[in-house]
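Shown next as C-alpha cells: one chain only, the form predicted on its own.
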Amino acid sequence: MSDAIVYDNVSYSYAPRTARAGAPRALERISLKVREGERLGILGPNGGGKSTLLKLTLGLLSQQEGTISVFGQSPTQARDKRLIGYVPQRVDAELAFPLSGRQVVQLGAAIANKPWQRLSLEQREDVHEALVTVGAQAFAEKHVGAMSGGQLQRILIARALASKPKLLLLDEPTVGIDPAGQQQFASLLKQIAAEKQLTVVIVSHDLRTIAAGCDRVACLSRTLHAHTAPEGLTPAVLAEVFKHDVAAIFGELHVDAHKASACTDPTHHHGHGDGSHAPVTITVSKGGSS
C-alpha cells in the first residue's frame, strides 16, 4: 500500500526566524506516514499544533523545516489538482449567507471554474452524487443557517466531496454535535471512505470522535507523542498529550501515570507489541509532588 501523505522531520514556528531563539515552536520534528485508504485521527489539545499541521498539509503554510508530500507532490500542487477535499471548523459567519445546502455543495464543485462559468452537466451530477453519498437530499434546499449541527456537517462534507478528491481533511468535525450524532458521523465517514476509496485525516481534541471513526491515532501536542490503533492508546500517553490543558485549569501541575497490577486475562486485546498490559493510574498534583 502506497503513502498518501509523508511528513518528514517537519517543524514550524509562527514567530520570525530571527525572534524564535529559545521559543517553543508550534510543531517540532513531526515524522509520520499516512497510507492510502487509511482513516487517521490526529488527537491533541487546543493549541497543540493540530490545525497548523492541517494548514501545512493544505499548502496554506510553508513548512520552515522538513518536507511534506501528498501523493508524491507538494501540498500546493496536490491542492491545485483538487486531490484534497477540506471540511473546516464551523464558522458562524458562513451561516449568515443566503445559501441553501445544495448551493453550498455547488461551490465545491465549481472551485476550479472561472467566476462567470456556469456549472457543467457533469459538475451538477457531481453535486447530486455528493448529496446522495452523505444522505442530505431531504434537506438540500434548506437554508444552511437553519440546519442542525449534524445536517450542516453532512453538507460541508458533500461540498468537499463535490470536487472528487482523493484525500479528505476534517478539522474538528463534530463540534456542536451530540454524542449520538457523533456515532452517526463516524459510521458515515467509514462508509464514505470505503465507497469513494478516500484517505481521511480527522483533527480533533475529542477522543470519542477519533476512537469511533479512525483506524489509527496520532497524538500531537507540538511534537508527536504516539501513533497507534485507538485501542493502543494508554492513559499515560493521554496524560502526557493533554497535561497542558489540565495545567491551564489547575495551575502548574505534575502529571504522573503509573502502572498498577498486571492484567492476566489472555483474551484482553492490548494494542501493544509485547502483549503485556497493566492498568494505569493518573495522579495530578500541584508543585511537582504526587
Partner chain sequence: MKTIQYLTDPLYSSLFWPGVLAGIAMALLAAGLSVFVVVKRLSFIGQGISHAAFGGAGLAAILGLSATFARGAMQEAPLYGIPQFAVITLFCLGAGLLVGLIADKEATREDAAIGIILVASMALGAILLKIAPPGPTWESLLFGSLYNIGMQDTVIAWTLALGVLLTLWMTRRSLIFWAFDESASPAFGVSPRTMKFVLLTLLAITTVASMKLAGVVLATAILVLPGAIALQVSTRLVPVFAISFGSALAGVLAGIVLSFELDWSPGPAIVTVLTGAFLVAKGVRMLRGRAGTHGVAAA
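Numbering follows the first chain given and starts at 1. All values reported here derive from a predicted model rather than from experimental measurement.
The form predicted in complex with the partner chain is left out here; the points below concern that form.
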item	value
Contact test in the predicted complex: Gln197 vs the partner chain, heavy atoms, 4.5 Å	no
Exercise: Leu58 in contact with the partner chain in the predicted complex, heavy atom 4.5 Å	yes
The partner chain contact at Pro88 in the predicted complex, heavy atom, 4.5 Å	yes
Exercise: Lys166 in contact with the partner chain in the predicted complex, heavy atom 4.5 Å	no
In the predicted complex, the residue from Lys142, His128, Arg216, His205 that sits within 4.5 Å of the partner chain by heavy atoms	Lys142
Listed residue that, although the partner chain is not shown, lies within 4.5 Å of it in the predicted complex (heavy atoms), from Leu188, Val175, Leu107, Ala211	Leu107
The partner chain in the predicted complex: contacted by all of Ala4, Ser13 and Lys33, heavy atom 4.5 Å	no
Among 216 to 224, 188 to 196, 67 to 75, 114 to 122, the region lying within 4.5 Å of the partner chain in the predicted complex by heavy atom distance	114 to 122
